[in-house]
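Given next, in structure tokens, is a single chain: the form predicted alone.
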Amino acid sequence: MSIACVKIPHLPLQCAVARAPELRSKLVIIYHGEEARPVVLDASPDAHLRRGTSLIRAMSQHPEAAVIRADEAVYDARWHDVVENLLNVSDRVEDAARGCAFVAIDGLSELYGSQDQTVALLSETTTKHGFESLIGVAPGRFPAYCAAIRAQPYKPISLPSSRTAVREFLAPMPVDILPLDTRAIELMHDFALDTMGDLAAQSVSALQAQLGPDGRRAWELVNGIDPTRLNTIERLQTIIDTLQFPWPVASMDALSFGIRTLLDRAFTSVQRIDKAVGRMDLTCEMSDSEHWNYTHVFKEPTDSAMLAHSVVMTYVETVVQSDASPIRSPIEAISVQLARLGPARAEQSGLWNEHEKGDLDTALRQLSAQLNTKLNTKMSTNMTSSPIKTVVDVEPWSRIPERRQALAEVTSR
């Protein structure tokens, strides 16, 4: 099977540079993790920093570097767009990790003209999203990955189907690349087996005696034997809906109502097929023919239109109050695309069953009547509302805490 490995090196860094081109000439460190112990997620190649390095240590080595907090939702969204475009070239794609995908391309030469044309199409899927990618083609998953990491942008490497040729290509590469656990790699170095060529020269029985199943697996890989099948992904469903306003709206209340109406309608379709949403793309068309877009990747898939509305309005209120607000004129239409539809999230059952809810309602009515009677007697006033209150969401997206929630009467069903 001919497999192409599409790898985008330093994807977070490329995203950061695309957002702020002035970073291209600077040393950049991108970090993530807990505020108390942040670690390096990505960095400029010249920094020679490993992923997971303490941010404090990285900054001590490169005090002149520009330090940026990672926006992993954006990285995931950009990578998702690339994978979707790879699926336009081949329906057999494995999303191995953010920035690395494997594509089965055997049989596509008749469709696109040749293998080189197919590889060129794969390269275009990343280029049009602003990424520089590395592409390697080989008769197996592992050699394709090795070819990709030795390739250069816009210069893919294609290995012949001969196992001898593959073994010779892999020979100078370090054994650290092998997909084995750290202990197995350390044992190889202890035996002075530092390159794949050193490993290929050993007998499979000797390696298996020292490393167990990892020894045989390593011997097969360095000799160009990798029958691993791709764990292909299914083409993702999407739900698209649009709302056209009767006239351009400029007030926050009208926009909020329109967005809520649109999301209610779209999420009804999601609930009808018993799915949950992983990503939401919202687009607003303004009266001056300009558009502004908002993309949100949910940490946990959701089927709640209320949650999605709260997320959108939090963003809208934030950008409207900024000096660089993208909303510069009244809005004529809004559209939403719900993607990454998967199994609906599990929900915990209610605390009370229907019978117990009835008992609770009765108790609330009795307690309310008793409290009203006592207070009326004591204060000689008529109380028209129940003294039993509950907290309800009013504007959970608001930046003003007092506007997010309010007290409301607890009433029976």
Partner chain sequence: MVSNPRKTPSIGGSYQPLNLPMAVQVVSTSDGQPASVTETRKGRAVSSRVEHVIDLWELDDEWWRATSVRRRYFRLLMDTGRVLTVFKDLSSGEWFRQEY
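In this text, rigid core is short for the largest set of C-alphas that superpose within 1.5 Å between two forms. All values reported here derive from a predicted model rather than from experimental measurement. Positions refer to the first chain, counted from 1.
The same protein also exists as the form predicted together with the partner chain; that form is not shown, yet it is the one meant from here on.
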Q | Output flag, 241, 247 and 403 jointly within 4.5 Å of the partner chain in the predicted bound form, heavy atom basis | A | yes
Q: Sort through 205-213, 158-166, 250-258, 312-320 and report the only stretch with a non-hydrogen atom within 4.5 Å of the partner chain in the predicted bound form.
A: 250-258
Q: Work out which of 268, 117, 287, 231 lies within 4.5 Å of the partner chain in the predicted bound form, going by heavy atoms.
A: 287
Q: Would you mind picking the one in 226, 303, 332, 94 that has a heavy atom within 4.5 Å of the partner chain in the predicted bound form?
A: 332
Q. Given that the partner is absent here, does residue 180 sit within 4.5 Å of the partner chain in the predicted bound form, heavy atoms only?
A. no
Q: Give a yes or no for residue 20: in the predicted bound form, does one of its heavy atoms lie within 4.5 Å of a heavy atom belonging to the partner chain?
A: no
Q) Does residue 176 reach the partner chain in the predicted bound form if we count a contact as any heavy atom within 4.5 Å? A) no
**Q.** Any non-hydrogen atom of residue 125 within 4.5 angstroms of the partner chain in the predicted bound form
**A.** no
**Q.** CA of residue 140, rigid core aligned, shift of 2 Å or more between this form and the one not shown
**A.** no
Q | Per-residue C-alpha change between this form and the one not shown, residue 338, threshold 2 Å, rigid core fit | A | yes
Q) Comparing between this form and the one not shown on the rigid core: C-alpha of residue 246 shifted by 2 Å or more? A) yes
Q: Could you tell me whether residue 283 and residue 95 have their C-alpha atoms closer or farther apart in the predicted bound form than in the shown form, knowing the shift is 3 angstroms or more?
A: closer
Q) Knowing the Cα distance between residue 334 and residue 74 changes 3 Å or more in the predicted bound form, does it shrink or grow relative to here? A) closer
